[in-house]
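A lone chain, given as structure tokens: the form predicted on its own.
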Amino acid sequence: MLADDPTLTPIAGCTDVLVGLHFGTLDKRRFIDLWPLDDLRGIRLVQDKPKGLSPHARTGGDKPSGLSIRIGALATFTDIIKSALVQRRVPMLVAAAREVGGAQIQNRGTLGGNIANASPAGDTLPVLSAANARIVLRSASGERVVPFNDFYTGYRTSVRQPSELIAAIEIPPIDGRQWWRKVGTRRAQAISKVMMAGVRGPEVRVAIGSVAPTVLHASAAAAVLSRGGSIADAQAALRSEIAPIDDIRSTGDYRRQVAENLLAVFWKETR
């Protein structure tokens, strides 16, 4: 159906779609409901063999060996919170899922929807960036895998084609201590002002949301920390990477300062 009609928009939990329809801010009017597709659910381990990577794709620091977690795109935040596998392998994703709205939103909202929505304030997106996750895209003609950090091309835009569904998210083994923090008006049921995910291991990784048009993989700041640089130097590198704006929730200056503070807290708490 998607291949035949590019005006169709896939929907699942609808926690954002219904808000947009209610306020008249959504221009899309033709939808295809994915909720009944159990093939897009489930959380399991799979052999870590990335396939279909584009020639320009970055594979990150994880070698293509061992077992990855494969999370179906229709897995809800409640599914993620309750999963012993995710709790053990990606605790920072559980921490992010716990602060996505209230229980009703967690029961309906899906990980695939959070990715497809493409908001720079999406709570799980910094986690997926720091985890070097991969997005599995499926169409009638086949399947391809795109590194998460290559998925977004701009504000609310991505490499996903109209004929493709987000089928699953794969997260390879993570070597290091994981960390996640959200700063908002409230800890939950509030859109993030700034959030950060980090991994402190042989390769330091840092990702931030709400400081740029897309979720930001702060490679320069992480590189400073990876080579033993000071937190002050890492904060200076971070300032050059982010571009926060003023909006109804916060100011750019506030976000910039909070981002620097979070980087210092991450480094201190993972010592």
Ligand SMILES: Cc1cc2nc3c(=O)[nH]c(=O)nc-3n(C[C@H](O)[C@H](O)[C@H](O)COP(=O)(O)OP(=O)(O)OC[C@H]3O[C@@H](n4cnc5c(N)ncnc54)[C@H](O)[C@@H]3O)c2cc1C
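Here the structure is a predicted model, which is why all the values come from computation and not from measurement. Residue numbers here begin at 1 and follow the sequence given.
Not on display, but discussed next: the form predicted in complex with this ligand.
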Can residue 182 be called a contact residue for this ligand in the predicted bound form at 4.5 Å between heavy atoms?
-> yes
Contact between residue 201 and this ligand in the predicted bound form at 4.5 Å, heavy atoms?
-> no
Just to confirm, residue 237 within 4.5 Å of this ligand in the predicted bound form by heavy atoms?
-> no
With the cut-off set at 4.5 Å between non-hydrogen atoms, does residue 176 touch this ligand in the predicted bound form?
-> no
Mind checking whether each of 11, 110 and 121 has a heavy atom within 4.5 Å of this ligand in the predicted bound form?
-> yes
Identify which of 78, 139, 189, 87 has a heavy atom within 4.5 Å of this ligand in the predicted bound form; exactly one of them does.
-> 189
Position in contact with this ligand when the complex is considered in the predicted bound form, options 94, 165, 146, 171, heavy atoms within 4.5 Å | 165
Residues within stretch 71 to 102 having a non-hydrogen atom within 4.5 Å of this ligand in the predicted bound form = 73, 77, 99, 100, 101
